[in-house]
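Just the one chain here, laid out as structure tokens, in the form predicted alone.
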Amino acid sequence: MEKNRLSNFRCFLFLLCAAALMACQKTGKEEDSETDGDKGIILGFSQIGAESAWRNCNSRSIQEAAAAAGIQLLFNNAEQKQENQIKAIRSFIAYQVDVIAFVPIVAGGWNNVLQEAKDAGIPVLVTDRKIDIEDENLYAGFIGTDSVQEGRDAAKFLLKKFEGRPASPDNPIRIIELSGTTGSSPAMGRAQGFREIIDQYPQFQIIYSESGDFLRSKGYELMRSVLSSLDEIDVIFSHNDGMTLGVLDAIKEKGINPGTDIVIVTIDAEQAAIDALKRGEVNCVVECNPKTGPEIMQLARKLARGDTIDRFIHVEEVVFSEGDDLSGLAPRGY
């Protein structure tokens, strides 16, 4: 009897271990299958160019995040030309990538090529800059910065800066605006948000607004032209740090003290702009976060699996202004 009990107990242990082993193997296979599903994802990405430290950081973030995620990245530099982006997107379609992502140079002109992507069953993710399109179902979603809020933040700083100045349209606060690429969503959004606030206060007057195409060289050229024709300037609102750096060069050439003689507000938060803020040459820097690579890879995985994503995803951003303690601020990386 005792021998039979021992035999039965051994048999029970064997069956229990076998069941446990099968469960472990099954779980392992399921996990491998899930991992394998993410492996082999091909992402076609069209970047607008390499016009600034901000843009180069944005590209690095995407490339490094793709490598870390094991996603095959087909990366294209459009060199600031929309026709190059459209060609790149069509090449991604022909290659039958799993997901397409791109930074649109301008807001309009994407209907046809995105319809082609939809017809091919390839989901499209728009990033950094928004698009204006007839059928919003032609793309899955957007991730990037909130350009309208960036413009509002720039205006809010000016309200605080000139809080003690008597409000009078006869003694206006004269603003020079250097806007970004004409037709791009950041340029339109930043201008819109800025005016939403500023237009409520008649003492603030935008006396000059011109596109500097987000380029340092054009910021320099425009500022030289402005300084030769206008004597009284209170504020310069620049849509990006690249143009702002050109503005600083032009102002210094004239012997004017930036940040003191003229209040300067800029957007992006490149290291060079933060350094200028620390020196007192810039009064306010509104962050535009370029490090969206990890989030883009997460969204690409979801889209490749056929999942839906949120329509608009705005990344977190902060505002740096004169008087802030920036001693503990980490290097920007761009």
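As the structure is a computational prediction, the values presented were derived from the model and not from experiment. Heads up: residue numbers just count along the shown sequence, starting at 1.
What comes next is about the form predicted in complex with beta-D-fucofuranose (GYE), which is not displayed.
beta-D-fucofuranose (GYE) is not shown here, but in the predicted complex it comes within 4.5 Å of a heavy atom of Arg129.
Residue contact check for Phe45: none of its heavy atoms lie within 4.5 Å of beta-D-fucofuranose (GYE) in the predicted complex. Although the partner is absent here, Thr292 sits far enough away that none of its heavy atoms falls within 4.5 Å of beta-D-fucofuranose (GYE) in the predicted complex. At a distance threshold of 4.5 angstroms between non-hydrogen atoms, Asn240 is in contact with beta-D-fucofuranose (GYE) in the predicted complex. Of the residues Pro186, Gly151, Gly212, Gly246, just one reaches beta-D-fucofuranose (GYE) in the predicted complex with a heavy atom at 4.5 Å or closer; this is Pro186. Only one of 300-308, 66-74, 50-58, 275-283 places residue heavy atoms within 4.5 angstroms of beta-D-fucofuranose (GYE) in the predicted complex, namely 50-58. Using a 4.5 Å cut-off on any heavy atom, the one residue of 190-206 that reaches beta-D-fucofuranose (GYE) in the predicted complex is Arg190.
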